[in-house]
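Next up is one chain by itself, shown in structure tokens, the form predicted alone.
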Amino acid sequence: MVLGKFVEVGRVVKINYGPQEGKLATIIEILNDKRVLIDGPTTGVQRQVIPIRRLTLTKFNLKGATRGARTGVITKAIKKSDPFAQYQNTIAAKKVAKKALRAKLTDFDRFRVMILRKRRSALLSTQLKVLRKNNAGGKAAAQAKGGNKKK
């Protein structure tokens, strides 16, 4: 497997620690092997130096972002390619949204989810029994003919 996500200028990142956790930004400058300068003018992330270990790299790269670009240039590039909207369609973003939705559930909502899961399980169980019963007749006939013997 080839690694495809590199720390590079223009890479869209998600902040995974600190007061701006969960927000998206763009790498503007690589300062050294441990720190980068990021900016997220459309997501509310101010231009700042942040350790790489506090970032999660995404597969999206901002076209037109040059090294040390100003906030206006970054804003135009974001509006042109809109990588943040593309990020919302990824599995990781959907997982985070699902987790946030479950965290907001009340006790009664969790109870309703439990009841619905039980109903789904019962329905699947009855359908599986019907399928097994219908399929069992076919297996018995095949075994009577000697088609399913172990050797």
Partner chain sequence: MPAKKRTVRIGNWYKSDDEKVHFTRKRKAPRPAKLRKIVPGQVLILLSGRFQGKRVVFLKQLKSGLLLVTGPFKINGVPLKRVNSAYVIPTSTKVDVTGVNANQIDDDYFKRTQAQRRKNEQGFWAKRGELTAEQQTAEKTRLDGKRNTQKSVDAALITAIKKTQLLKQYLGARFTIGKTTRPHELVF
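Numbering follows the first chain given and starts at 1. Because the structure is predicted, anything quoted here is derived from the model rather than measured.
We do not show the form predicted together with its partner chain, though everything after this point is about it.
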Close approach of T106 to its partner chain in the predicted complex, 4.5 Å, heavy atom: yes
I115: touches its partner chain in the predicted complex, heavy atom cutoff 4.5 angstroms: yes
Contact of R119 with its partner chain in the predicted complex (heavy atom, 4.5 Å): yes
Contact test in the predicted complex: R67 vs its partner chain, heavy atoms, 4.5 Å: no
Stretch from 35 to 43, 57 to 65, 80 to 88, 96 to 104 whose residues place a heavy atom within 4.5 Å of its partner chain in the predicted complex: 96 to 104
Residues in 52 to 84 with any heavy atom within 4.5 Å of its partner chain in the predicted complex: none
